[in-house]
Structures are given as structure tokens and as C-alpha cells.
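To begin, one chain is listed below as C-alpha cells, in the form predicted on its own.
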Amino acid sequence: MKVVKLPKIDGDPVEEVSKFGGEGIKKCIQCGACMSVCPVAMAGFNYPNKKLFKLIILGQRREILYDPSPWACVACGRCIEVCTRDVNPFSVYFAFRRIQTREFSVPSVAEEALRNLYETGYAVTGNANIRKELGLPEVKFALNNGEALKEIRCIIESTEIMQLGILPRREMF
């Protein structure tokens, strides 16, 4: 049997992902259990967990660096429940998000969710005009507490995500 070794173009992505909290990727055997329950796979994104992990393991970082799939993860934790190897696919996905963020590869949908979270306290706010056109009742958000929003902003402002320039710098409360 002949083994083909693909060149690792950008260093060792497995070590890079491990450094950002996804060290479980080293235990992945590509069984696909995680993918069978993953909403990212069901929604048809290009790189649900198993496929993303395979490219990371093969050292094909550039292939996936600009893909929005990791940002579609809703952190439901189903992958963790079915993984027999204790990979914690959720953590690998989030580690790769950190790498993408560091490389300024944040998809526009993630930018919008971050802006919404910073401005309102909710990542997804819906569209009040469309709801009204459809005759749906107005959604009242529970977060009308100024202290809670202030806390959310403080948490966001204490992270490196502020370096991306997506969010406005505000005076501290």
C-alpha cells in the first residue's frame, strides 16, 4: 500500500487548533458520528465538523480559512454527546473560529450577529418590518435591563475581538 503525504502548507494546523482549545482533534478517527447530528451538516454548509477536521489534519488550512461553516455552529453540543473518542468537536470548531478571527476572516453574517449582540444584547433580533408586513406580533426582547447590556458590552470589550474593528469603541459606562 502506498501512502501519499500532502505537504502542510502553513505549518501544522492541528497544533494551531490545539493551541486555541481544540486539542481533541488529535483523537478524531473520522467516524462521522458528529456529522450525523450536526445542524451545520444538515443545513448544507461546505465543511461540517468531520470534513473540516479532515482538512485540518491533512494540513489544508488555506482551503478552509475563509469558509463560513465554523460560524454556523450553534453550540448545541450534540456532537459532544455522540463522539466516542472524546474529541469535543464543538471546541475544535470554536478553536478554528479563533484562528479565522486572528486572520481577519470573519464572515459578514457573524459580523452582523456580533454587532447586534453589542448593540441590543441579542445576536439575532429579527426584522420588525417584515414581521409587521406578515401580520405577526411584535417581539419584545427580554433584555431591557441597561445593566445586563452594559455587562455584555464589557465582556465583549475585554476580548481581542475588539481588535477586528467591527464594533465601535465606546466610552466605558
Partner chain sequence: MKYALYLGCQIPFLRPDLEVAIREVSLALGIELVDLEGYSCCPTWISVPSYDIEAWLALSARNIALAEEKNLDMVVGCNNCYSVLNHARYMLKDEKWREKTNRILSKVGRVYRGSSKVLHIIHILESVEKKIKKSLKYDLKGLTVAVQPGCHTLWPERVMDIREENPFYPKKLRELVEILGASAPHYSRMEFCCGMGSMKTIDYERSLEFVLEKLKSMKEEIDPDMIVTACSSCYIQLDEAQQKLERDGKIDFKIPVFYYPQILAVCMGFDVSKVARFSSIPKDEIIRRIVG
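Numbering follows the first chain given and starts at 1. In this text, rigid core is short for the largest set of C-alphas that superpose within 1.5 Å between two forms. This structure is a prediction, so every number in the text was calculated from the model and none was measured.
The same protein has a further form, the form predicted in complex with its partner chain, not shown here; the description that follows concerns it.
Put simply, L65 is far from its partner chain in the predicted complex: not one heavy atom of it is within 4.5 Å. Taking non-hydrogen atoms only, Q163 never approaches its partner chain to within 4.5 angstroms in the predicted complex.
When contacts are judged by a 4.5 Å heavy atom cut-off, E111 counts as touching its partner chain in the predicted complex. By the criterion of a heavy atom within 4.5 Å, V106 is counted among the residues contacting its partner chain in the predicted complex. Residues G44, F45 are the members of 44-66 with a non-hydrogen atom no more than 4.5 angstroms from its partner chain in the predicted complex. The rigid-core alignment places the CA of K150 2 Å or more apart between this form and the one not shown.
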